[in-house]
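One chain is shown next in structure tokens, namely the form predicted alone.
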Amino acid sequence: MSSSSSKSAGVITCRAAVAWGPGQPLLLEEVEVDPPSAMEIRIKVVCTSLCRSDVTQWQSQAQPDLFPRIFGHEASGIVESVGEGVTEFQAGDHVLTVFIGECQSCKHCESGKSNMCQKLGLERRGVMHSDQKTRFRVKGKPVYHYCAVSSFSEYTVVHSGCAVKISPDVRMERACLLSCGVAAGIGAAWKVADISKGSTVVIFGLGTVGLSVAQAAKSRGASRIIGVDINPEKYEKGKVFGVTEYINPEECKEPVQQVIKQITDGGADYSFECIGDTNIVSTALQSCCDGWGMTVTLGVPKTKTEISTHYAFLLTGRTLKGSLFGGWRPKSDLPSLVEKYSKGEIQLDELVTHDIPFESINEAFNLMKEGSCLRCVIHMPK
């Protein structure tokens, strides 16, 4: 195992990109990674992509006590060892990590109506679901996790319910995008909104998530896909994914929702907020038509977390829906998305703007902060 030393199911020493404080450059440190506990697996990370939420939480001052911390959650890797009770995986399996799990036994998992697993939901405390402890140490000091994944490490430990087995034939350096952003966008269009053929769709924010909504809307036969973004370069990229029209709010002489209502005869059938700005949620809702217009919000807010809008927009029949991971249940649904990618039915390759070695991980953060990338895939040493 290059750049690491290990004993089977013992502690592994490897490198990880550790954030020591909010917004501080990541430092490549030698960390100790514990063996997997019961129902956990330890993974050798192969590739991991940088998601906007990693950057948002890294910059956030809201939880300064959760440092040092290892970020990263969109990842592909190979199972190195399994903990007690794990029968689904074995060493050598190729997997994707997921930031919400599927225990397959709680009320939500058994309902088939939700992906809000009660046992393996979104982890916000920087620890493992099972025992509320960390599996990392640096210089004897515990290191906090992110979303119970922490893929910016050569090795990591996740609950077996937070991993999905994939075929060894799938390109790991691209499939990792399905761990979060791309799946979230596609699911919002297919599963949450259930876009109908011939409909008009408006997408606020043409980043990875927004473009994933666009390609899903195109595949459903949407007649118009209107992209809203302040970066005109995004329109050219958007055309590749099905965007038919482009609006730059900064060039509009009136509020963008008014522009949209004018060009769509009263409003769009569906609108998607993919920015992470709660003010835009109301704008997106106003951009929909009366009676059946639906707004789906996907973005993670950076500051203001409360949504404010006039009750009349709901009274007139519009719907506002939230979406986490596109409504997908990871183990039940993600394999089908991986298969669609393998068949060329889902675009992933076109979303990768940079392939970066692990040693240059801070470059990926800088590109994301500058808005100069869609997805940066970080390659671990082989």
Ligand code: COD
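Counting begins at 1, following the sequence as shown. Owing to the predicted nature of the structure, the values given are computational and were not obtained by experimental measurement.
Below, we refer to the form predicted in complex with the ligand, which is not included among the displayed structures.
**Student:** If the cut-off is 4.5 angstroms on heavy atoms, which of these, 260, 280, 163, 193, is the one near the ligand in the model of the complex?
**Tutor:** Contact with the ligand in the model of the complex is made by 280 alone.
**Student:** Considering non-hydrogen atoms and a 4.5 Å limit, which listed residue (158, 75, 228, 188) is close to the ligand in the model of the complex?
**Tutor:** If I apply the 4.5 Å criterion carefully, the residue I get is 228.
**Student:** Looking in the model of the complex, any heavy atom of residue 101 within 4.5 Å of the ligand?
**Tutor:** Close contact is absent here: in the model of the complex, residue 101 is far from the ligand, nothing within 4.5 Å, heavy atoms only.
**Student:** So in the model of the complex, does residue 347 come within 4.5 Å of the ligand, heavy atom to heavy atom?
**Tutor:** Because no heavy atom of residue 347 falls inside 4.5 Å of the ligand in the model of the complex, the answer is no.
**Student:** Going by a heavy atom distance of 4.5 Å, is residue 302 a contact of the ligand in the model of the complex?
**Tutor:** Although the ligand is absent here, residue 302 would touch it in the model of the complex, with heavy atoms inside 4.5 Å.
**Student:** Report whether the minimum heavy atom distance between residue 45 and the ligand in the model of the complex is within 4.5 Å.
**Tutor:** It does not: once the ligand is placed as it appears in the model of the complex, residue 45 has no heavy atom within 4.5 Å of it.
**Student:** Only one of 127-135, 260-268, 85-93, 294-302 has heavy atoms within 4.5 Å of the ligand in the model of the complex; I'd like to know which.
**Tutor:** After filtering at 4.5 Å, what remains is 294-302.
**Student:** In the model of the complex, which residues of 201-226 put a heavy atom within 4.5 Å of the ligand?
**Tutor:** Result: 205, 206, 207, 208, 209, 210.
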